[in-house]
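Shown next as structure tokens: one chain only, the form predicted alone.
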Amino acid sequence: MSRNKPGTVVLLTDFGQQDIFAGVLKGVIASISPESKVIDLTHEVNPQDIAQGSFLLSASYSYFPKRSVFCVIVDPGVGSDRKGICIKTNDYYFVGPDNGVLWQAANENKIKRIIHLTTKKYFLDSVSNTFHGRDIFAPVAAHISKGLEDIAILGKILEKCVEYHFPKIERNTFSLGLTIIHIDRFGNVTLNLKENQFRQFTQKRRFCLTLNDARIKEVYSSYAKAIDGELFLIGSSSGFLEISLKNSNAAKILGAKYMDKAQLKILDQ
């Protein structure tokens, strides 16, 4: 059973733009389903960084049309015995390696079925040990986008897949131990705390967030409200709390790196 109108394939990879890899994916998809729309979410995931890929996917998937197929290739285990999978959720399809990169987004949208990709009919004729994105994941994504409805024919049903969870918050009565989970190109530093969680925890009490040698005590609703050169907190577009520096690079000033620790402490006790 198939749909009449081809859908959308969304590409998220760590391939960058210098090499041919991202372009080849599009060529494969166009060869199988030329009417499918292909959107580049990003090809600038840090090389082999499953955690960053997971964050970027989970922060963005819900803005795409329902039934979109996300072809996600952040695959340090390519050529090993790790599985290739397709996950069908309430609204989307996620295709890629079974290494955790798909799980956060798929779980948020409620997983309905997981398939281990084994049906070679839907791969390219020759499968290399180094480019499963080209030979397996892009072809499968194209076939789904073209109209394939029953993903069970793609392989074997799995009960579960590899999970990746963002670092846990270390909770105490008057403090939270936090972790940096993303730094964007502007130097904004994303923490593993949702803005609504921050509001619930602080309850308009005075606070101090400590990261390295910096102490941050202000939160603003927009970048424009901050003072130049002042570090502050703000709710990011992804819903998480971030550290920013108006018209400058907070991460650089802080010497902050991915997975660095921070502490949020209530001062009014």
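Just so you know, these numbers come straight off a predicted model, no measurement behind them. Residue positions are given as counts along the sequence shown, with the first one as 1.
Note that the form predicted in complex with a further copy of the same chain isn't included here; everything after this is about it.
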Taking 4.5 angstroms as the heavy atom distance cut-off, pick the stretch from 115-123, 131-139, 172-180, 156-164 that is near a further copy of the same chain in the predicted complex.
131-139
Does the 4.5 Å heavy atom contact test between S31 and a further copy of the same chain in the predicted complex come out positive?
yes
Considering non-hydrogen atoms and a 4.5 Å limit, does a further copy of the same chain approach K26 in the predicted complex?
yes
R185 versus a further copy of the same chain, in the predicted complex: is there a non-hydrogen atom within 4.5 Å?
yes
Please determine whether L56 contacts a further copy of the same chain in the predicted complex, using a 4.5 Å cut-off between heavy atoms.
yes
For the three residues Q200, T210 and G255, verify that every one has a non-hydrogen atom within 4.5 Å of a further copy of the same chain in the predicted complex; reply yes or no.
no
Applying a 4.5 angstroms cut-off on non-hydrogen atoms, the residues of 246-263 near a further copy of the same chain in the predicted complex are N247
